[in-house]
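Okay, here we've got a single chain as structure tokens, the form predicted on its own, with questions on binding and movement later.
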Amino acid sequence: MAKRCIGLDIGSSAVKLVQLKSQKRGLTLQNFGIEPLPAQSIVDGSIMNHGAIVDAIRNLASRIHLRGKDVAVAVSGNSVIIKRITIPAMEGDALDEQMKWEVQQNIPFRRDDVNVDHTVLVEKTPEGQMEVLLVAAKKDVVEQYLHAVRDAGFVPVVVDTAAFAAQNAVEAGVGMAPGEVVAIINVGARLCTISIVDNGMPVFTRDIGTGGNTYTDAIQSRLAIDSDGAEAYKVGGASPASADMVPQEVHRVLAQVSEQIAGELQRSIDFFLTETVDGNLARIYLTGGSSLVPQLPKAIQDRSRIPVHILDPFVQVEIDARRFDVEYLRANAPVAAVAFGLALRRQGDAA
């Protein structure tokens, strides 16, 4: 069986890396690290500063003494389309022909410009229909990530979506009960991705154009300080230990922006619930750096009236405290969720 890939999450603010090893007693952490990126290195999912990405990957690999070359990467943002569609039940050549037509109808890009895949979720419903998950990613954006990984000296063997990687992290990290419907919200620097999973199957995915940078921009504007100072206040305001050293105005900004983000997320949740006959969310998992802003999970839970949990995908992973700073790892666990999900992949396995 092929070894697990190195999970490499190239985000808009940092590169995150997780390497896992399977043993009889479960998963063991082999490597972990985070390397910040200059501002505007990635915009709307597209790489704008190739050299900065390559340098960050190399620096991170060198700093943590990484071994191995095969990596799994993820794409996200406007370049990725994920849709669940319902079509008449069919198979073989008929299904292949139908999917060509569905791509034309559901993907807002030229067919030659995208990589397309589909997975049958339900082969036949009582109504004689089948449910299919259609995924498309722009070829030029995928190639940007592959090019950066290769130039950094690694071999990209799996390309996933950030939404699916986060789902894998939840399933492996904390598990999902049979028949359970959960929402996974990845709060990145520039956007939030909400994915709703029903009985292990993704049924709804949507990107929201707001994220951690919304907090930083609001603090910068309200306090008339530079972006570095605003970022420091945001991080400080998210830390209980620093609460007394951060101006009260920062806490008010964090609360206001959290309410704004929670409102936008709730509209997506409401849309899903109104479109689903048996829609009933059991819980919400938060991942990403800004999930650590304490006002955000509270705002989402208050609006949705659904339990909100900050994901720690490492909770069941064996960690050698002599090799890793466990406190640092736990503090950054939600940031590493996508990289963790990617680190579960193997070359040639099914998505």
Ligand SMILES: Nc1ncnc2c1ncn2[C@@H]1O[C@H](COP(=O)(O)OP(=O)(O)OP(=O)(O)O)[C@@H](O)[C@H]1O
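Note that the coordinates shown come from a computational prediction; the quantities given were computed from them, not determined experimentally. Residue positions are given as counts along the sequence shown, with the first one as 1.
The following text describes the form predicted together with the ligand, which does not appear among the structures shown.
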Is residue 13 close enough to touch the ligand in the model of the complex, meaning at least one heavy atom pair within 4.5 Å? yes
According to a 4.5 angstroms non-hydrogen atom cut-off, is residue 191 in contact with the ligand in the model of the complex? yes
Using the partner position in the model of the complex, report whether residue 187 sits within 4.5 Å of the ligand, counting heavy atoms only. yes
Residue-level contact is defined here as any heavy atom of the residue lying within 4.5 Å of the ligand in the model of the complex; does residue 161 satisfy this criterion? no
What stretch, of 168-176, 149-157, 207-215, 105-113, brings heavy atoms to within 4.5 Å of the ligand in the model of the complex? 207-215
Students should find that, of 131, 231, 180, 259, the residue having a non-hydrogen atom no more than 4.5 angstroms from the ligand in the model of the complex is 231
Here the chain is shown alone; which of 286, 317, 293, 56 has a heavy atom within 4.5 Å of the ligand in the model of the complex? 293
